[in-house]
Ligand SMILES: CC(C)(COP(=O)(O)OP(=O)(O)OC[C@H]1O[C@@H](n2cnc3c(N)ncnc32)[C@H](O)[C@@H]1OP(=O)(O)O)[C@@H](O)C(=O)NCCC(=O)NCCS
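Coming up is one lone chain in structure tokens, specifically the form predicted alone.
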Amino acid sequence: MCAMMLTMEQASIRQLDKLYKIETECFKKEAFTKHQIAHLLTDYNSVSLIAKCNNEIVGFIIGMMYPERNALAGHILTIDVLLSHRRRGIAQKLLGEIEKIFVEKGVKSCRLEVREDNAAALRLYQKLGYRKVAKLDGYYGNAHGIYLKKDLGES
């Protein structure tokens, strides 16, 4: 268990190999490519964090910010936690940290997509205040997605 030793820090392109390995473990065929992750890590509008347990990367999150109707919006593109470290609050901490950064940068709302059959992730997002906006037919190939949104309030 690493509840006390969990640290968060900004992700770096130097961690690309490890992040890609975690991404493919978590999402298999639906994983971002190494090139896509490299692009996301270096994009000016992206926010990316890693979670470390005892100095080992055990998860990460990447989000983007973009203008939308006179305000900034945030979009969580991927959130990954190693299978061996799930159900320990790491995803919740990563989401909380990125939401704080979004709010500091003036983001008013955050959205994400999740597989319709990913019950654990859906429960987490709903617990954290995300609400279903739409069903995304065939979003994940032969699986449907759910589009969720959360208002981050006034900063």
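Because the structure is a prediction, the values reported are computed rather than measured. Start at 1 with the first residue shown and count on from there.
One more form of this protein should be noted, the form predicted together with the ligand, which is absent from this view; the next part is about it.
Novice: Would you mind picking out the stretch of 45-53, 84-92, 31-39, 102-110 that comes within 4.5 angstroms of the ligand in the predicted bound form, counting non-hydrogen atoms?
Specialist: Every other range fails; the passing one is 84-92.
Novice: How about residue 98: is it within 4.5 Å of the ligand in the predicted bound form, going by heavy atoms?
Specialist: The answer is no: residue 98 has no heavy atom within 4.5 Å of the ligand.
Novice: Flag residue 125 as yes or no: does it have a non-hydrogen atom within 4.5 angstroms of any non-hydrogen atom of the ligand in the predicted bound form?
Specialist: Contact with the ligand, yes.
Novice: Using a 4.5 angstroms cut-off on non-hydrogen atoms, would residue 121 count as touching the ligand in the predicted bound form?
Specialist: Contact check for residue 121: yes, within 4.5 Å of the ligand in the predicted bound form.
Novice: Examine residue 57 and determine whether its closest non-hydrogen atom to the ligand in the predicted bound form is within 4.5 angstroms.
Specialist: Residue 57: no contact with the ligand in the predicted bound form.
Novice: With the distance limit set at 4.5 angstroms and only heavy atoms considered, check whether 73, 130 and 152 all reach the ligand in the predicted bound form.
Specialist: No, none of the three is in contact.
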